[in-house]
Structures are given as C-alpha cells and as structure tokens.
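Next up is one chain by itself, shown in structure tokens, the form predicted on its own.
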Amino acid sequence: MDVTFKVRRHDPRTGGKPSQQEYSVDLAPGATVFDALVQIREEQDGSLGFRGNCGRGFCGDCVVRMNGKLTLSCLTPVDKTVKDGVIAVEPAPYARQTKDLMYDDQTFLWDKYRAMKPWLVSDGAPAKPVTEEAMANVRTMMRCTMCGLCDFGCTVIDVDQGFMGPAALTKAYRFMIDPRDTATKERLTMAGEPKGMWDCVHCWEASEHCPVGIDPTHRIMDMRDLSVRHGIRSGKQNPKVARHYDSFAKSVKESGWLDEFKITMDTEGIMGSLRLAPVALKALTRGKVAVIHPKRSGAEHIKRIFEKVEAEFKAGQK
C-alpha cells in the first residue's frame, strides 16, 4: 500500500518557520501510522522527530494530529486514516513543540500531575480491610496512561494553559476515592483552588477524546459532588466559588429559578458586579436575564426537593 505522508517539520532550536515535508511510503497491510513514521525515520529521514515507545497503546507517548484528528498513532491503522492516498501528520496542539511531532510533555502534563500529589497518604492509623467493590472505581482510574488526549481536546486549556486539565484532575480523583488514602479533604481543597476542578466547563470533550473509557469529564463532576458532600465548595484562594454555589442553590430553592443579578452580587460583590455591568446590559437588552424574579409556577415542589436532599445529606453525616 503506497501512502504519502505530509509531515509538519519544525525545530525551534534552529529557528526558521514550520514547513511541510512529504514522504512516500510502501506499507504492509495492517500497518499503523506509528509503524509508518518509524519506517520513514529508518529508511528515508533519520532526522524526523516523533514520540512513541510501546507501540501498543499502553505508554501514551505517541499522540499526534492526523488529518485533523487527535489520536494515538500506534492504535491508528493507516488504511482507516488515509484520504485520497494522503495522511497529514501534525503535532498535538497547545503543548510547546520541541521538534517536529515532539512536544514538552513535562510542562504540559507531568508537572500538573505531580502537583496533585499522586501517591497514597496515610494518617498512621491501622489499615482497614479493602474490598473488591471499593477498589473497582479505583482500577478504572488506573487505566489512564497519561497520553494527554483529554488535555489536548480540552476547551479550557485552549484559552488557559494554566488550567490543571482533565488528566491531572482524573489522577487526583483516583486517590480521593482510594479507600487506603486518608487525605481526601486535603486533596479536594487542593483540586478546588483556581485553575482546578471548578474551572472545568463540562463540555465533555475530555471524555470524547479518552481512548480507554475513563470518561474524565464525568470524573471531574464526581469530584465536585464529592467535594460538596465533604463541605468543601472551593479552595482557600477562591472563596467566590463557594459564594456562587450557595447563592445559586438559595435562588433556585426560594424562587424555583435563577436570579442572575442576585447571584452576581453574592459572588462578585459590589465592585466586581460593577465591572460586569456592560455584560449585564448586553444580556438584558437581548432578553437573556430578567430584572424581576417572582416565584415561578411549581416553586414549592422544587423547594421540597431541596429540603428532601438536605435532610438526606444531614442524615448521612450522622
């Protein structure tokens, strides 16, 4: 099978502008894109830089963008990727490119991962028996290979590369739910700081990109629920999150719907609300917010739902 690979080349160390180089490769049936890149390097161009290790999808090293789609090159068959005899290969976005298809994974992934303290913490008390049921979800989290596909697809990282990202947050959640760990509250507080779990916009892109079915977006939502159950609604450096949460719940409980002006005042304060006045005016003129918020029909039923959940929550804490 003859395929033309159009590979984006660039070495920031030597300067110059990125370019596209073409390689014609004769591949065996069933070959993957990673196989093709290895063949190019071994037979045509030893200077081609790309990442890869296991060739089986276990190490997570070989993320590239092929014909516009982010994927692991070692799990991508050429015959299912090629279009009109051509495959365009580019480096993954956002991370600093180091050479050709290679990127700085230390800064993009591993520094954030390490900041989440990914190790078991013990308070010194005798260990309790660990059941198979308790470890089931932990084992699901342990499938993560830190390939970074969830981060490369993250719409928050697209605008803020300081965001911890779904990969690191999923790793943090793995230890939060581990029955052997005794630092759950500390971990939740750490994950709740600025750039942490509350910055996720739950666009579900992380889950769409995960190749092993961990569903990172759901795990971040689970982490938020766990945080609220522990009475931790924000980190120490961003109390606005807790104010926003409390105001949101109070507004819906009392009136059956959200009072945008009230929640803004409660969350941002007077000065912060004044800074947002131009946004509020635009929303008002376009009918996105209401000035008066009377109780909506059925508000009493919504209030009873809140009261029931609050009662169950208090009972569960005893």
Partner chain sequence: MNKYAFYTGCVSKGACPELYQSTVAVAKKIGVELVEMLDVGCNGAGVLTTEISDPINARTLAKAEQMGLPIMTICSTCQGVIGAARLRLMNEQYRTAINERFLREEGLEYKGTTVVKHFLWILVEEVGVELLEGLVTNPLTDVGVSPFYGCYMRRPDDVIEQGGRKRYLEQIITGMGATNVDISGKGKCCGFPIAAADETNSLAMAAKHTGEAKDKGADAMVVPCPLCHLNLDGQQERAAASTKKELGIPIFHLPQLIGLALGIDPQELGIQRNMVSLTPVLRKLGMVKQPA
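Just so you know, these numbers come straight off a predicted model, no measurement behind them. Residue numbers count along the first chain shown, from 1. Throughout, rigid core stands for the largest set of C-alpha atoms superposing within 1.5 Å between the two forms.
What follows is about the form predicted together with its partner chain, which we do not show.
Colleague: Taking the shortest heavy atom distance, is residue 266 within 4.5 Å of its partner chain in the predicted bound form?
Modeller: Residue 266 lies outside the contact set for its partner chain.
Colleague: Does residue 297 reach its partner chain in the predicted bound form, with heavy atoms at most 4.5 Å apart?
Modeller: Within the cut-off, so yes.
Colleague: Does any part of residue 189 reach within 4.5 Å of its partner chain in the predicted bound form? Heavy atoms only, please.
Modeller: Residue 189 lies outside the contact set for its partner chain.
Colleague: So in the predicted bound form, is its partner chain close enough to residue 214 to count as touching (4.5 Å, heavy atoms)?
Modeller: No, residue 214 stays farther than 4.5 Å from its partner chain in the predicted bound form.
Colleague: Is it the case in the predicted bound form that 23, 85 and 151 each bring at least one heavy atom within 4.5 Å of its partner chain?
Modeller: Checked in the predicted bound form: no contact with its partner chain for any of the three.
Colleague: Which of 104-112, 168-176, 85-93, 221-229 has heavy atoms within 4.5 Å of its partner chain in the predicted bound form?
Modeller: Of the options, only 221-229 has residues within 4.5 Å of the partner.
Colleague: For 240-260: residues with a non-hydrogen atom within 4.5 angstroms of its partner chain in the predicted bound form?
Modeller: Those in contact are 240, 241, 244, 245, 248, 249, 252, 256, 257, 258, 260.
Colleague: When you overlay the rigid core, is the Cα of residue 22 off by 2 Å or more between this form and the one not shown?
Modeller: No, shifts by less than 2 Å.
Colleague: Taking the rigid core as reference, does the Cα of residue 69 move 2 Å or more between this form and the one not shown?
Modeller: It does not reach a 2 Å shift.
Colleague: Taking the rigid core as the reference frame, is the Cα of residue 56 displaced by 2 Å or more between this form and the one not shown?
Modeller: It does not reach a 2 Å shift.
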